[in-house]
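Below, in structure tokens: the form predicted alone, a single chain.
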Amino acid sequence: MNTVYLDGQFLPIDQARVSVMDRGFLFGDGVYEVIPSQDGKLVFLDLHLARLNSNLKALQIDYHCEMQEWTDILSRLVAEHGGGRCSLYLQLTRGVQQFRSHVSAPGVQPTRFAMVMQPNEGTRGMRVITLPDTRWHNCEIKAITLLANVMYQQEAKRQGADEALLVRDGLLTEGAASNVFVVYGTQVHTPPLEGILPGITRRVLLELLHRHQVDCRELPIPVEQLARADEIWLTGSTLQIAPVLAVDGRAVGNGEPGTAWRRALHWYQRYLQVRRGGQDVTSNRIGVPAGRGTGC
């Protein structure tokens, strides 16, 4: 049975109901997180909840996700799913009010929802296209208003690609559902956190690369420089670290997953294995500087 969590209840998914007057349904007024779980252990839950709470504050939604409460809720969903490798989708909207109005009514209670999803297989090679980034400029907020991202990925699928890399003012920003790393020789570059999602996997990978003395820099990346990249990686909570084989039909490097990617993925997966001894795999143990932002 596929069990979900909705406002204090664990229900079969076909019995879960949300009002048509919910502001998430009417306006896309809410935020979400996707939290991976491996071997029944929640991965980086503290960072996901920190980002979620930051987004709730930015949208002035009066709710704070408590660590223990959501550890219990999500762990129960994982257990009922049977453990193993999966991802959890956690969404909070501003809630239900009596009349449709752009301005929310006082005292509205947030709608809280969570469910288990099967993860993507992120280690396969991916083909991507580039598209203009026409989204709003607050992309650091993980809002449920994802119409632009849906359209980008629909266009990528139409062109036979797996993902779209977005370009604004000639500079690479991020993928429609991922962060991006570009390898030039011994250097690894990733776009700075200015108008992009501060990805959790991005954050942890940056620290791991620095720990292993890789020359990794947060720098603007002109889109034309992708043509000379030796490797390109996409990162995300479900992707982990995925190699890009081609951009706009042009092979990246020799068109195969590179050695730098294999090394980075090994470090990342080894780190997860080492940290699985506890209930939660948390990045505060890795010592990631707070100034890097809480981050896909």
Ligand SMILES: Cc1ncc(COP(=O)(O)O)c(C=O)c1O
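Position 1 is the first residue in the sequence shown; the rest follow in order. Everything quoted here is computed from the prediction, not taken from an experiment.
There is another form of the same protein, the form predicted in complex with the named molecule; it is not shown, and what comes next is about it.
Should Gly95 be counted as a contact of the named molecule in the predicted complex, where contact means heavy atoms within 4.5 Å? The answer is no: Gly95 has no heavy atom within 4.5 Å of the named molecule.
Can you work out whether Leu197 and the named molecule are in contact in the predicted complex, taking contact to mean some heavy atom pair no more than 4.5 Å apart? Flag for Leu197 set to yes.
Can you tell me if Leu193 lies within 4.5 angstroms of the named molecule in the predicted complex, counting non-hydrogen atoms only? Result no; Leu193 lies far from the named molecule in the predicted complex.
Even though the partner isn't displayed, in the predicted complex is Gln159 close enough to the named molecule, meaning a heavy atom within 4.5 Å? Judged by the heavy-atom cut-off of 4.5 Å, Gln159 is well away from the named molecule in the predicted complex.
Where does the named molecule sit in the predicted complex: which of 215-223, 69-77, 135-143, 96-104, heavy atoms within 4.5 Å? So the stretch in question is 135-143.
By the heavy atom within 4.5 Å rule, which residue out of Ala177, Ala114, Val183, Val108 makes contact with the named molecule in the predicted complex? Result of the distance check: Ala177.
Would you give me the residues of 230-266 that have any heavy atom within 4.5 Å of the named molecule in the predicted complex, in order from first to last? Going through 230-266 in order - heavy atoms within 4.5 Å of the named molecule in the predicted complex - the hits are Thr235, Gly236, Ser237.
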